[in-house]
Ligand code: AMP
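Below, in structure tokens: the form predicted on its own, a single chain.
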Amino acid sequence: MAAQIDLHCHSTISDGILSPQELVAHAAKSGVKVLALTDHDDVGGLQAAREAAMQYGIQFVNGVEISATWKKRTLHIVGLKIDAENKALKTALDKVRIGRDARAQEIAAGLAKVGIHGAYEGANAIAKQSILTRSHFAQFLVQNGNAKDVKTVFKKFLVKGKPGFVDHQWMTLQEAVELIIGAGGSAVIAHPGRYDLGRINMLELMQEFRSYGGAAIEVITGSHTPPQYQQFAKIAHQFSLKCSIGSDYHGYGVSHMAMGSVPNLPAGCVPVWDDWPEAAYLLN
């Protein structure tokens, strides 16, 4: 049975295909009852999504997905139940978006060196008014005929050692966690199975994250396999962390998991929403 809660998804404010309003409508159609919008480094879509959620009878939770650097790796930390008007949060996210644009220009320069020109402009056209992410470059490269799909683009162009890779320094893990807590939210490590850390680094990350006040990890997410659900459920228990779930939905054709198809948490997990009024009925 699919869960009725989805705490990780994206709109056109970052690298999703649907507007905040369209995303909420799609969530409602897919049977989602509790939803968090977690755009990359941006809270600009939350108000529109909240208003749409009221129309569809969905319980809405403010969210964001913050980029952080840990041991020269990029991690994503989801903030749930944040105050979107928190001054420190908004100031920090403004700085991150400026950094994102600088990174985007470096990505385009790298691609130009291997004969792919106009990538910055092309990705910008896809992004429209939203912040530029690697997903926008991936969509451009697919449209440009440089790869058959988004997954291939990342392997061929955007990972370490490839022409579109840029080693960018984001805020630290501690800064990201403390920023979320300072805005009244709960910090969650997004899709930990994607980081290819190895066992020792993974355990070190969890210990450090917990020491900064981190609340939970995503156990079920679009890029995890069923065996990883169990793996990260055990890790969450080991470090006294709560468990979160989310489709990481970006839109049809570019997502690993459809909205409304997110499985329930494994037995024994403590949900990150265990004390939320918005999700109280899910615990009965």
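A residue's number is simply how far along the shown sequence it sits, counting from 1. From a predicted model like this one, the values you see are computed outputs, not experimental measurements.
There is also a form predicted together with adenosine monophosphate (AMP); it is not shown, and the following applies to it.
Partner proximity in the model of the complex, defined as non-hydrogen atoms within 4.5 angstroms of adenosine monophosphate (AMP), places exactly one of 81 to 89, 205 to 213, 111 to 119, 98 to 106 at the interface: 98 to 106. This chain appears without its partner; in the model of the complex, the one residue of Ile181, Leu197, Val150, Ala127 with a heavy atom within 4.5 Å of adenosine monophosphate (AMP) is Val150. For the chain shown alone, Ser135 is a contact residue for adenosine monophosphate (AMP) in the model of the complex, at least one non-hydrogen atom being within 4.5 angstroms. Relative to adenosine monophosphate (AMP) in the model of the complex, residues His40, His76 and Phe154 are all within 4.5 Å by at least one heavy atom.
Counting a residue when any of its non-hydrogen atoms is within 4.5 Å of adenosine monophosphate (AMP) in the model of the complex, the one hit in 14 to 36 is Asp15.
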